[in-house]
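In structure tokens, the next block holds one chain alone, the form predicted on its own.
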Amino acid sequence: MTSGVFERAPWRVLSIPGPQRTFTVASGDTFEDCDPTTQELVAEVRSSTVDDVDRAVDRATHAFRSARWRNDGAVRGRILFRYAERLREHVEPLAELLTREQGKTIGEARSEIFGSAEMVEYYAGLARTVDGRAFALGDEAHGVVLREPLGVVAVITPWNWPLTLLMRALAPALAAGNACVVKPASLTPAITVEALALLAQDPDLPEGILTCVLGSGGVVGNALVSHPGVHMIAFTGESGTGIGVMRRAAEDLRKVSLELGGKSANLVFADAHLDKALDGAMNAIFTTTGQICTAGSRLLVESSIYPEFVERLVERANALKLGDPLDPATTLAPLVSFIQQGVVRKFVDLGRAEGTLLTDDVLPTNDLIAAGCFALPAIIADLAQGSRVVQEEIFGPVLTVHPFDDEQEAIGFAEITEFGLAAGIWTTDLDRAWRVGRAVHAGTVWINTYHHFYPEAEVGGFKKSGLGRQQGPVGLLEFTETKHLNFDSRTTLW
């Protein structure tokens, strides 16, 4: 089957010059990886077994013993700089594969590749800055505090932004001198392996520093999380799963970094630049068809502008063009799977029963829409704050809208869920922006913008949205351990 817009050629492995180095460890059964738009086969993938996980961790453990890798930030930096350039050189084939495998629009896929390259490049620069401090502790005593790599880091990534969220953990972990075992989501293994192959072929990268295992979270992920040879787990995904990861890691007191779910509030005050706020509200909920943990899925609008603002927003949402994500004219891509499509439908039906569905409710009828995992944008009003549609992360293009009368009511609505990953504030009043921004418990608060990320600025969640921080210099230090060397030159102990 074809999309009716583009003829999809079979997926081909990227042409990488030089000797090929194996970095995946997989000897189990194969599983199919299909295009969510057409259901065409993208790749047949061999999964890893529990024994493969053991072998991958053993390889990483052996590689980590390389003193040069642990201690030479210049080498690590050069490898990462070259990797960033390779990602840019291969942006078109990688973006097409990402779109075919995950379903996102081709423009968003290109943006993800370029953003991933920027993340790698940023940490390439920081690889030589893993420093410490020295101080006098007395006449004949001195201390040196060092930051050292942890050892073997398990990097477990989701399917919605498979490269961005991979590089956010992998790049600082490698820059700090660790060895990494990557476990991508089962829905996006091909793009992960293809992108990592560009790094694995670097002749200066020690064998085993980068290893990849493939397969289900229930088997491969659990084996990796529970492995005694893993010193840290960097997990990005759903909150309940993240809590389970933390529970298993606690059995051996291993370090975790968790970026988890969200149900972010987007607050629009009457004095905001409304056209920009409308753009921001659309971006906040319909980026990646709502399949993004920072989605602004709860829109809170000051009562005096609520009717006009919501009416204009509904008009824009109804004008989104569903279609082939390889077509640049498409503005709303399919969901990643039929399972996710079913989840979204369930919540839309619940929202319709409990509130008022404001947007169109009938999918276009054509072969492409019938074959793909599509969902219409849904804007739902008149819901109680305790509704499951308001409280639970849906991971789809479903937006709830709520009026508020004053600043304190807006803050109260923003704080009503168990999540605290992100928030948006739209106002021209700087004092209000400070007050509300400080009052909202979220790791990232965008003011008069939304979904702008920078490698140098940390991200992470409050409450059930995560633990630890990624990006920025703190994101590098997450993958290190602190050691104090205490020197004493006295001839007696006391």
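From 1 onward, residues are counted along the sequence shown. What you see is a predicted model, and the numbers here were worked out from it, not measured in a lab.
In what follows, reference is made to the form predicted together with ligand NAD, a form of this protein that is not presented.
Although the partner is absent here, Asn160 sits close enough that one of its heavy atoms falls within 4.5 Å of ligand NAD in the predicted complex. In the predicted complex, ligand NAD sits within 4.5 Å of a heavy atom of Gly218.
Residue contact check for Phe269: none of its heavy atoms lie within 4.5 Å of ligand NAD in the predicted complex. For Glu302, no non-hydrogen atom is located within 4.5 Å of ligand NAD in the predicted complex, even though that partner is not displayed. Checking Pro184, Gly372, Gly420, Gly396 against ligand NAD in the predicted complex, a heavy atom within 4.5 Å turns up for just one residue: Pro184. Only one of the listed residues (Ala95, Val225, Cys180, Val401) places a non-hydrogen atom within 4.5 angstroms of ligand NAD in the predicted complex, and that residue is Val225.
Contact with ligand NAD in the predicted complex, defined as any heavy atom within 4.5 Å, is confined among 141 to 149, 229 to 237, 324 to 332, 200 to 208 to 229 to 237. Contact residues in stretch 241 to 273 (any heavy atom within 4.5 Å of ligand NAD, taken in the predicted complex) are Thr241, Val245, Arg248, Glu259, Leu260, Gly261, Gly262.
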